[in-house]
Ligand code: 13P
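Heads up, the chain below is alone and in the form predicted on its own; it's given as structure tokens.
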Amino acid sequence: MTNKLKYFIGNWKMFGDFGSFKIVSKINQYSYKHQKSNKKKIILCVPNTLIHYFKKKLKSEFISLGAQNCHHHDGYGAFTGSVNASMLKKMGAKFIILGHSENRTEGETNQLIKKKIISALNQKLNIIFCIGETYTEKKEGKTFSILKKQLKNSLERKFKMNKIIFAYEPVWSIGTNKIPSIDELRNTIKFIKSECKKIFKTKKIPRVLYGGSVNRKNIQLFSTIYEIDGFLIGGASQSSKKFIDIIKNYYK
């Protein structure tokens, strides 16, 4: 097993209340007990309503908190129901998910996502930038062209690559229990890293995660792909046991 740092990022989506802190607490206890056994970084992206409360209760060097989206406008304004990156940063978020397919489905374009990335970077937030193709695009052999378009239209060379973690989430895999083959996934991750190096004109290797129906059963399969730098975990992150089992099984 590699000593390379691996990311385990939970996306709670629209889930949780103040009582859900017990999930965070159990994950933190596990991290504390196993801090020397493997190199990992745990990030939990929770609803905005929980960030400040969790931040006050969480006294941990092992878990960071993140948000799931933001408005692209930097300052205050007449944007009813919206929250910007500055507000999230002040609540205690260190990371933010941008470009998730669920938000793209609701109308987010690459251009809008780019504005959000700029706003989040201005607040020195770390970005988890999601990209991925639909089932139709996959069947038509457009996976690489779609990913390239999402990357090129959302990023600029001047962005700090060390502030961005890329997450490959094939839309057809999210919540379906369908996953890419080992060869498909390895080749796609390599492609994303290659394209990012071209965009940023750097020899540094970007961090690329996989997300899409990740669970405690298939995680060992993913562990054979050295190129994957970690995982963006959806529904399974809403359970401390399932989330911890994924980490345990990865390092078996």
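None of the values given here were measured: they were computed from a predicted structure. Don't overthink the numbering: it's just position in the shown sequence, from 1.
What comes next is about the form predicted in complex with the named molecule, which is not displayed.
With a 4.5 Å cutoff on heavy atoms, Lys116 does not count as touching the named molecule in the predicted bound form; it lies far away. Among heavy atoms of Val24, none comes within 4.5 Å of the named molecule in the predicted bound form. In the predicted bound form, at least one heavy atom of Gly212 sits within 4.5 Å of the named molecule.
In the predicted bound form, the named molecule sits beyond 4.5 Å of every heavy atom of Ser154. For the options Leu147, Ile174, Met161, Leu121, the one in contact with the named molecule in the predicted bound form, meaning a heavy atom within 4.5 Å, is Ile174. Between 83 to 91, 131 to 139, 165 to 173, 69 to 77, the stretch whose residues reach within 4.5 angstroms of the named molecule in the predicted bound form through a non-hydrogen atom is 165 to 173. Contacts with the named molecule in the predicted bound form, taken as any heavy atom within 4.5 Å, map within 226 to 246 to Leu232, Ile233, Gly234, Gly235.
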